[in-house]
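Taking the form predicted alone, here's one chain by itself in structure tokens.
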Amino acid sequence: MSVPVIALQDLRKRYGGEGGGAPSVEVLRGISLQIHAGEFVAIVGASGSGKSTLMHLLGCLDQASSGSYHFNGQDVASMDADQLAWLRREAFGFVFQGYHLIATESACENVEVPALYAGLPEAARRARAQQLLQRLGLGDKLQHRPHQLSGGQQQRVSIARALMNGGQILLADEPTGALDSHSGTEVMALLHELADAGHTVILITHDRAVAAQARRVIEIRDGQIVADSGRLQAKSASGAGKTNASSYQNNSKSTRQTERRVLWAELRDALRAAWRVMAANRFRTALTLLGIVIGVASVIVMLAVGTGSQQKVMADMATFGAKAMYVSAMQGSSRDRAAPLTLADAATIRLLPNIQSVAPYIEGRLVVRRGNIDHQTEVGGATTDFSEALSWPLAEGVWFDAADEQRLAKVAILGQTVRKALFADGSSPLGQDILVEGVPFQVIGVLAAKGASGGDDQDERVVVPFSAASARLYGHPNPGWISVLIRDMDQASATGDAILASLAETRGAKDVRLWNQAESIRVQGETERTMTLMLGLIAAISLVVGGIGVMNVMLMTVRERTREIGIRMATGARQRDILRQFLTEAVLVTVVGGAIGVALGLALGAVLLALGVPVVFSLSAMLGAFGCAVATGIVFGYTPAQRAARLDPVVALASE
């Protein structure tokens, strides 16, 4: 005698009776049964007799409470979840009373599902699905959705799906129950053809007339077999008895080799399914996307505005050099006037570490004249280090040099405001003479525009050599302040302390004050960065809120598509396949929302720029916001996806 493909021994199934809940109910009470390859068996019984429960056990959709189930001689109880999924995919084909087709997929795509999880290449599975549908008379319905097909046509699609991976054993649960008589006759004729071709057909029905068409009839009542017409000679199906768990083990190497191909195929299928679900629920999808879009856009805009404001503030503060410090004498009382600064003080500062350049500056408000135009402005005497120390380049002309310093040269450099006042006729000032307090000076250069800072017009000045200013204009060599340019901004505070300590020692008193602009800019920069980060974090809260919305929608989606999950499991999907399916859908939502959010953020930033708001876009901020959106989909989509993967196939199939 050949080994039966299915052998049941004292199989029992109980529900309830655990954890103090509902009382235990035994649905199957000691089923012992053998079915050989190629048999056409009908299991008949009234509603509630346990026949559907038996089918779920035979198809490895459910597990028995006790007893044994051997498939091709191997105990099914010893198989893990992946082996059971593999067995459902490779050995069984399910034909359900309610058809159980995936509503968003076409007829051809529904038939392809088992081959998708088996790793069959796309072209091969598409060709086989089309061949099966054409064989069943649905060649012109390949792209029709289930709602576009009649009941009989949907049942034929279900049969084609059952045959997709070979369908060695067909489990048909009331396949004619929801059909009219004509369609029911067609379906039964198909099952006869398949039985004649060598497939093992197990028909579950309550209709004795339908059961009588099988070659073997088993009657079940109250969970027990009460009649069995006996086994007739079965047709021989090629390879019908070769699908077992050992085949799974033997094929594990090839399974690993095709895992990457299966992964990409499933991802494409998941993306297609996710897109169709999003399109079918446009309003809900839009509301879900809204939180992600707002979150991403707000992160981009707030960081751009924060960075732009930071740079503007830094630029304003760095008008006279980002790494500059300024030393001046303290104001003394009317009785005890403070000693003025001297050039020796500048020399003392120049010797300290971290000092790049030192520029003493003597200044006062004087009248300058050109022709009959008088203009009062600030006239300063500076050394050749002025341009570097104050980061103030020339717009045109040349700077005076050391030789001009030594010979007290009467040369001048104009600020932009003075140039406009004295040369309103548009002529070039270079080479022309002006009078400064009646002393003629030749214009050799024009400073670059600085603009206003702290309410003062920085371009309202004339700069002449320090020696000429002290001897020809002010009558003393004492600078009003000394500009100091440092090398390392991080050492600004220590350098400032060193300047004060050195001058206190050489001057014999602590009578100077220091405006440490470099330290102020550094602190201001850190403050602005902190504020920008805070703005970004506040905006990121929107992403979290959007993520919660994604989780809620995905949980709702899992509930709505529970039957689809059961269908996929019945056709061979593993838990990780279902997990991947729904996780992909969650990520797709956030990817679409993230992309729209980036576009919206750029658009809003462009509007702000047009309104004069300082905005600086950051590629890292955009990539970070988009990456956080995708991560949100993974984090908040995992729990719903995991819940979907852990559903019981039988419970999932029975859901509405």
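None of the values given here were measured: they were computed from a predicted structure. Numbering starts at 1 and runs along the sequence shown.
There is another form of this protein, the form predicted in complex with a small molecule, and it is not shown here; the text below is about that form.
Although the partner is absent here, residue 38 is not a contact residue: none of its heavy atoms lies within 4.5 angstroms of the small molecule in the model of the complex. Within 4.5 Å of any heavy atom of the small molecule in the model of the complex lies no heavy atom of residue 627. With a 4.5 Å cutoff on heavy atoms, residue 46 counts as touching the small molecule in the model of the complex. Among residues of the shown chain, residue 27 is one whose heavy atoms approach the small molecule to within 4.5 Å in the model of the complex. Comment: 51-59 is the region of 613-621, 598-606, 65-73, 51-59 lying near the small molecule in the model of the complex, near meaning a non-hydrogen atom within 4.5 Å.
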